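This document opens with one chain alone, in structure tokens, the form predicted alone.
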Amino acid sequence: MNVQFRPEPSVSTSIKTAIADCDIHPARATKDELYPLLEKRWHSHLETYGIQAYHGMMEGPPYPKAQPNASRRDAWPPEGGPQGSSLSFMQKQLLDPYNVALGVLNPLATGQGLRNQDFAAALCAAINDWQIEKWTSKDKRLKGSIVVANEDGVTAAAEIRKRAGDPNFVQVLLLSRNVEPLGQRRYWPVYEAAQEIGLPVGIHAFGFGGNPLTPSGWPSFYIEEMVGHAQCQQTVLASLVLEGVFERFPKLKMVMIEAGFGWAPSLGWRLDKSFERLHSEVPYLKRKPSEYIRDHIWWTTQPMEDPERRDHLFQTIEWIGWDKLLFATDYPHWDFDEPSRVLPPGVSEANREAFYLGNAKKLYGVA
């Protein structure tokens, strides 16, 4: 796990054509970096009471990470601060050498998953302003994600509508672990607002919903948490489909972020099989569950499965559709996917272009 990375790619591994990176994680350089964007009442609140998440831990991740901040050891900015906190170093290490034409920011340390909903809303709004101030206004290749207080649907919808038409943002961002599965009606105002302003909803692995990380309880190891992201996303996707979210919001588009995609066909098959005999329980569904998945879901590639047989990967992608894959590196995290080493031989030029750039530009409406 103690992998060392080169700060910059060699010429032989660099990408010459432009790419989109649909999962970049920006970080704050200091704990008080958001203070200028927060009302003063929240300064003292944060210093006095701290951040109280639905999870029982007072702070920090539930498991020690494989690397500091779950990030590459070569990603520390030379000017100081945690990995992912320096725009200039991100440009030098990621955007420029890999020819990133579109980079989608997915902040993870936000107000999502906090018990105090007013504080959560204030933090999320500040994070959105911070994305503009520190990142997207200074590098036009970067686009932000609207983070919202996900457990307060009405307030979250208001934040989404406030950002309507802002070219700095290309999606709404939720996390996969919440108080309830994301198909539940408490989250529907988020989907209604996203559909209204024409932005997809990204669902990123992780979150602080207060529940164990697996359906059977708390696992022992970090590797179980990592594998569990795919299991959690399956629960999320089944909930979205079976609760009728895509029937209620037929123009809604969603992106499954950082949970792989190799499990998509088997989930679709299992849902369809059960649906044959249990359709009467969900009569509002007009189509097979797999059809909603294929029509409404896009997938970021990192961490991309690597089966022993190449044809198994291609068969999985054919089921999903080459037009539904979005390349991602997960920078600056330790399991970073190097662009030139992701796709195996045998991919057509048209699919390769769509995979690396075309699909993202079309989904996010970026010229």
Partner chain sequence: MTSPIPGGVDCDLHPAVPHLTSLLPYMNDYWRDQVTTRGMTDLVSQSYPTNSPISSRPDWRPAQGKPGADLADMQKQALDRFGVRYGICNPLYGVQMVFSEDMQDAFCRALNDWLAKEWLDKDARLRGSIVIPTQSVEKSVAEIERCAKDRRFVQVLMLVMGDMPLGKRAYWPIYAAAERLGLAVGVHAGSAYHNPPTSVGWGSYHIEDYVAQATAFQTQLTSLIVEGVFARHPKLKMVMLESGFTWLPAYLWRLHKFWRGIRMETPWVDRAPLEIVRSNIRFSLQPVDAPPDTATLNRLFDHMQSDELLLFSTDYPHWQFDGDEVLPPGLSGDLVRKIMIDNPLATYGRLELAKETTP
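Worth saying up front: this structure is predicted, and the values here are computed from it rather than measured. Positions refer to the first chain, counted from 1.
From this point on, the text means the form predicted in complex with the partner chain, which you will not see here.
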Residue within 4.5 Å of the partner chain in the predicted complex by heavy atom, from L95, V245, A230, A126, is A230
Answer key, the partner chain contact in the predicted complex at 4.5 Å (heavy atoms) among V179, A164, A158, A101: the residue is V179
Name the stretch, out of 28-36, 307-315, 43-51, 321-329, where some heavy atom lies within 4.5 Å of the partner chain in the predicted complex. 307-315
Although the partner chain is absent from this view, report whether R287 comes within 4.5 Å of it in the predicted complex, heavy atoms only. no
Exercise: E133 in contact with the partner chain in the predicted complex, heavy atom 4.5 Å: no
Looking at the partner-bound form in the predicted complex, is S220 within 4.5 Å of the partner chain by any heavy atom? yes
May I ask you to state whether N211 is within 4.5 Å of the partner chain in the predicted complex, using heavy atom distances? yes
Heavy atom within 4.5 Å of the partner chain in the predicted complex - qualifying residues of 267-294: L267, W269, R270, L271, K273, S274, F275, R277, L278, E281, V282, Y284
